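Have a look below at one chain only, the form predicted alone, in structure tokens format.
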């Protein structure tokens, strides 16, 4: 295999410094805001607030194989097994301080919640706002069933204005529109670079896999709008482009190309990567990491505040199943994939409930579909032998289709 990307060390260093800054925010005279992964972070950065993402923390908990234990603790407090494991992990960690980060996340000065990713975040953030006794702002986005209406645009633009008023009141200072203009331009620039990074995987062989993308996604989520994100993705893009020039693939002897749908299974990333690679298969793209660059066409860099409401409303999880299926069809063609792997995620209902409908809507593409039932952080919900058998059978179907195609 091509080996780990050189940019990985730099990424780890940036993230370590970011968490250190958040940990010592009070000594630095800065405020911390907990924010949902789909929330509008740019106004926070423009106001000098450090954004912290409990969902990112949940992913780290999952990767550290602590998710099942922390979820079980929350269930002992009365939370249902069917509640999102990110929620249960975060609530448990805020109580017990058990975390991959020493002492857990820094306590928030405010919470920013956007329901464009799911409805569960509303109750989750209400619970934590009460626990920490801090103000909560909910950035409400209407669901885009078929089209984005003028009424919806007016509504979310008013949400943006309310958000700014909330920040001014909470921080006790006027909103910095000049800084916001710069942050908005940097955010859009970073999203465009991230898209270019993901597009390099259309090359055969692919210079990276979706598992690499899951890791390198962290900066576009966490620090979108900061110059360091642009610099980092420029270096990552250059490295991937160089791999393409030399035809260096992330998977040795890449023969089959796959598309992943839904969040990663954080605690089985390495195992899944190696399992697919053993079949000479590369997961070259996914719907999850694309979410942070899929709305750039709706953003005007000269009017970021006036257009960000529409962009944040149109993200992948806040649109109808037909649009989701169209997105997947586009990726199948763009990355020339041989099969679709769907993670039926017990935690993420908005991502998982429509998957069988999507299968029906993409039948015309005539590609095999594998459904893996699991959870993003809770290892109690992963049956390795069953998943392994399904992957083996799925790959045999793909190999047979390839053989028939070549013979025909």
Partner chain sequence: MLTLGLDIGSLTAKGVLFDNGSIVEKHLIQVGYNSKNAADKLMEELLAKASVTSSDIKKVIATGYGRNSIDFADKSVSEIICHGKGIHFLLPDIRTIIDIGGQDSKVILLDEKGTVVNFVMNDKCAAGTGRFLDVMARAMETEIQHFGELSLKGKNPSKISSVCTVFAESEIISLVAKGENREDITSGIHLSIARRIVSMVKRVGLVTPVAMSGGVALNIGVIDALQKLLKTTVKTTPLAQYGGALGAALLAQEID
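If you're wondering where the values come from, they're calculated on a predicted model, not measured in any experiment. Positions refer to the first chain, counted from 1.
One more form of this protein, predicted together with its partner chain, exists but is not displayed; see below.
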Region of this chain that lies against its partner chain in the model of the complex, out of 369 to 377, 47 to 55, 31 to 39, 60 to 68 [heavy atom, 4.5 Å]: 369 to 377
is_contact(residue 390, its partner chain) in the model of the complex, heavy atom dist at most 4.5 Å: yes
Quick one: does residue 21 come within 4.5 Å of its partner chain in the model of the complex, counting heavy atoms only? no
Check whether residue 386 has any heavy atom within 4.5 Å of a heavy atom of its partner chain in the model of the complex, and answer yes or no. yes
Would residue 17 count as a contact of its partner chain in the model of the complex, using a 4.5 angstroms cut-off between non-hydrogen atoms? no
Where, within 328 to 367, is there a heavy atom within 4.5 Å of its partner chain in the model of the complex? Residue list please. 344, 346, 356, 363
